[in-house]
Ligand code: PLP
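Let's start with one chain on its own, the form predicted alone, as structure tokens.
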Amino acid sequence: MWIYLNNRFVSRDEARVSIFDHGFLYGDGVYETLRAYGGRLFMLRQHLERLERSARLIGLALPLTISDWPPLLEEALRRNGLSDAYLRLTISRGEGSIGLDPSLCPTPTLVVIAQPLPNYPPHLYDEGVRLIISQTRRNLAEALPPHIKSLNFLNNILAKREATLAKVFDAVMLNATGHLAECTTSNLFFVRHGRLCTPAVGCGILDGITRNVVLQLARARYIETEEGTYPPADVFAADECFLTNTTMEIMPVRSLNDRPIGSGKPGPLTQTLQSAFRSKLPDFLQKAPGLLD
């Protein structure tokens, strides 16, 4: 495996970050994950713009401009012999003396990892996944804004640990007021009486890129959509439920806290959107060098 570290590609064994890196010491940094299909990247510009937004909001100067990324990402795929892949872009505050002051770190650390895409078992898409409601609440938006995709992930890790201990796929996190937010790495949708509902950004969620694609696909098919504030009871009363993120695309949900959602199987609207996503996928892919065409 070849990893891009700061200004060059190195082997996995050579890839080392200082123990004084503030990403390691304090979780001070940002990241993005991307997916490549046949060497073409899903919603590349949107991911890079979100990365720039996250960095700007924590006062971190990115070492690359938006036009520098495409050839680098293509080279990461080429060197690793990958076509369908998962890419993670990580930028930390960098190495510096111990202390919280960002000015202690003169140069950020940049890491790009490209690896084979971990495929979800097909039966999950056929049967749906099981979820629980986490006891860990989503970070208060006023304390850690959710639209910063930061390396500080302990909140989500604690919720994921709950899901692992419960032997389910993932956990739904509520916000500070007890309303639905999102899962540990994905956005939440549910269907009730033919209306597609999802927690609004104001509920303390990350504005997922696949989430926005799904909303666009639904509106193009005259499916009524709603972004709002919902109690957990609304999911228990839903006809269908699914999750979205870049790697899983649209993942059906069959139960929450061991209570079936609707029929307990992927519903017709979920299947319609899965089909629409796959058919429109070529429109969402960009060859890296053509990003700015």
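On a predicted model such as this, the values are computed, not experimentally measured, just so you know. So that there is no doubt, residue numbering starts at 1 and follows the sequence shown.
Although not depicted, the form predicted in complex with the ligand is the subject of the following passage.
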query: Touches the ligand in the predicted complex: residue 120 (any heavy atom, 4.5 Å); finding: no
query: Distance check, residue 130 to the ligand in the predicted complex, heavy atom within 4.5 Å; finding: no
query: Any non-hydrogen atom of residue 50 within 4.5 angstroms of the ligand in the predicted complex; finding: yes
query: 4.5 Å heavy atom contact, residue 149 to the ligand in the predicted complex; finding: yes
query: Candidate from 183, 73, 89, 180 lying within 4.5 Å of the ligand in the predicted complex - any heavy atom; finding: 183
query: Proximity to the ligand in the predicted complex (heavy atom, within 4.5 Å), stretch among 186-194, 91-99, 120-128, 74-82; finding: 186-194
query: Residues within 4.5 Å of the ligand in the predicted complex, restricted to 195-211 and counted by heavy atom; finding: 206, 208, 209, 210, 211
